[in-house]
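In the block that follows, a single chain appears as structure tokens, in the form predicted alone.
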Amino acid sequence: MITKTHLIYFSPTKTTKKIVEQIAAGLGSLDSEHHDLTRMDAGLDMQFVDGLAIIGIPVYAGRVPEIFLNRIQNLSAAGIPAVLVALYGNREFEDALVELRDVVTSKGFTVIAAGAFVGEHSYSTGKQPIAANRPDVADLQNAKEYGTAIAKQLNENIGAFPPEIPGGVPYKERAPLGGIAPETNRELCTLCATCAKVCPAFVIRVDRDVITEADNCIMCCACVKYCPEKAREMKHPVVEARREMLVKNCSKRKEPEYFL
């Protein structure tokens, strides 16, 4: 039996967190500890010496987000097993899981399983939905069953360590970020500062207006998703073109993939 599970994740819109939590539930751990990197500006400075880690990230254009890599610079492990989770917006996860495997292995974790799950795309809107409302009930149940399968593998000491994970090395070129950010509709905005409170990059300030440092925006759209007045919009022409492409080419439902 797994006595302790460490949940390590970066999850601006809580979709990755939901999957990680369900896998942990399936594992049946007696003790779960959350390490939420989303608003942890200084990063996680600790060594994991016991239990099992579930490490989850959203996929950014086929790669692990740089902001996540920055926040685990001082993280290490003493060989404890790790389950990897990549959550993508129904397009492709590409090299993200392979990159995550390489990164956490270099930190001292032993990768025993990995999974690619689908969550609502950050560019999804009511009028142009992309994997809207995912992970849904079926996704969460699949994640829980996946956790149960991992626990069985550990208890029976079966399976190949590490598992075969699809993806390329060298990784695909990282898509540049910065210069594009959501905008604020002043007629709707009440200056409640919810956008600033949820921004994982800490680039939003609210005083007499909402000021966004677009150069350092990671385009996660957490501020758009959580604005209670629907006053934040991602409507840059580049994003609108990508959104149209995603709606056209990535609307067919994809299912989770597991690697044990």
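Because the structure is a prediction, the values reported are computed rather than measured. Quick note: we count residues from 1 along the sequence shown, nothing fancier.
Below, we turn to the form predicted together with a small molecule, even though it does not appear here.
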item	value
Heavy atom contact within 4.5 Å of the small molecule in the model of the complex, the stretch among 182 to 190, 84 to 92, 162 to 170, 98 to 106	84 to 92
Listed residue (Leu27, Cys227, Ala53, Cys220) with a non-hydrogen atom within 4.5 angstroms of the small molecule in the model of the complex	Cys220
Touches the small molecule in the model of the complex: Leu37 (any heavy atom, 4.5 Å)	no
Distance check, Lys14 to the small molecule in the model of the complex, heavy atom within 4.5 Å	yes
Any non-hydrogen atom of Ala61 within 4.5 angstroms of the small molecule in the model of the complex	yes
Non-hydrogen atom contact Arg71 with the small molecule in the model of the complex at 4.5 angstroms	no
All of Thr5, Gly43 and Met46 with a heavy atom within 4.5 Å of the small molecule in the model of the complex	no
